[in-house]
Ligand code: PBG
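The chain that follows stands alone, in the form predicted on its own, written as structure tokens.
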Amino acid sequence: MAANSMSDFERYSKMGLRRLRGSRWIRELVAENRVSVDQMVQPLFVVDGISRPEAVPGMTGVFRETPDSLLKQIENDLEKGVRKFILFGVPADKREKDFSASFTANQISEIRKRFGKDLFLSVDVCLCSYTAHGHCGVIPPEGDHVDNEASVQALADLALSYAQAGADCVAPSDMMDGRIGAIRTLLDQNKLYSTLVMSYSAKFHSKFYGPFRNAADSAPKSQSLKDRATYQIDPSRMNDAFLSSLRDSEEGADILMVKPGLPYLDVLARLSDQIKKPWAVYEVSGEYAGVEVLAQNGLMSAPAAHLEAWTAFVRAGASIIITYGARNAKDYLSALS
């Protein structure tokens, strides 16, 4: 062996990689991805017609709130350091068309009256909780498809009502074609230039949404259109996610989103690199509940597992994390630091 050559073992041993892992203090100094409570958005469900908060099965600490308990929950969340929310309104009045935004808009107004500008309020824009059939759009009489044009108009009208009631951000989650452009145009026509649009631009046809659909009363109930495969993205189609996100960006979305989170980290990493806008990721109900159920059975530490998932989201390119655990993030981060 030549005098100036060395084995792979000698070469890598001289790098001393473990020196930068040796203590908590150095690990904190050299961390490349950091999770902060400031990145967190807490989902909230407010349900018309219930008399008391209802726990959502599998989702520790998450409730279907009454209008009164919603305000109390927000107070508690603010005390825990959460300042950013996404609201899901669930009206009792289910319709096929001519949807009324009044229930959700009234909750937005009440939040603004109580808390003013002390919080950032985004509001989900979809029809799944408004319709008897549970789909994210209008189904015509023949019942075999979702009418894109009629759905987009209804969604834009809801978004306008939410913005007029005081939402900082409207977040269309329906996956109809052209809804971002329609919403942005209608907001601008009504001089709501500062209202943000956060698009669920890469929302996949996933099996991880089950607990959410119980919370939002939004499971598909149509006999002829049994699932959302005709409008949500097939999990195998990366290019569809890219094209949907690029279109929504060009139509005026301020923030783009990948949903779910962990099964689609590759999508998030690639899209956030290719489209230079802020990216949100939604740690959906099935992801959150999976960690909680394992923790309840002594098989996992919930704080450590949630933090690991959140770190993965940031590492993959997200600057915004929508998670049901946002209200626990400050405690989790303190306990694990």
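Small disclaimer: the values here were computed from a predicted structure and weren't measured. Just count from 1 along the sequence shown to find any residue number.
What follows is about the form predicted in complex with the ligand, which we do not show.
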| field | Contact check for Asn148, Arg179 and Ser244 against the ligand in the predicted bound form, heavy atom at 4.5 Å | value | no
| field | Any non-hydrogen atom of Leu271 within 4.5 angstroms of the ligand in the predicted bound form | value | no
| Interface membership of Phe103, the ligand in the predicted bound form, 4.5 Å heavy atom rule | no
| request: Mark Phe208 yes when one of its heavy atoms lies within 4.5 Å of a heavy atom of the ligand in the predicted bound form, and no otherwise. | output: yes
| Is Asp248 a contact residue for the ligand in the predicted bound form, using a 4.5 Å heavy atom cut-off? | no
| field | Among the candidates Asn214, Ser161, Thr195, Ser173, the residue which, in the predicted bound form, approaches the ligand to within 4.5 Å (heavy atoms) | value | Ser173
| query | Among the candidate residues Arg228, Lys84, His133, Arg184, which is the single one with a non-hydrogen atom no more than 4.5 Å from the ligand in the predicted bound form? | reply | Arg228
| task | Tell me, please, which stretch of 284 to 292, 299 to 307, 23 to 31, 60 to 68 lies within 4.5 angstroms of the ligand in the predicted bound form when heavy atoms are compared? | result | 284 to 292
| field | in the predicted bound form: members of 29 to 65 within 4.5 Å of the ligand, any heavy atom | value | none
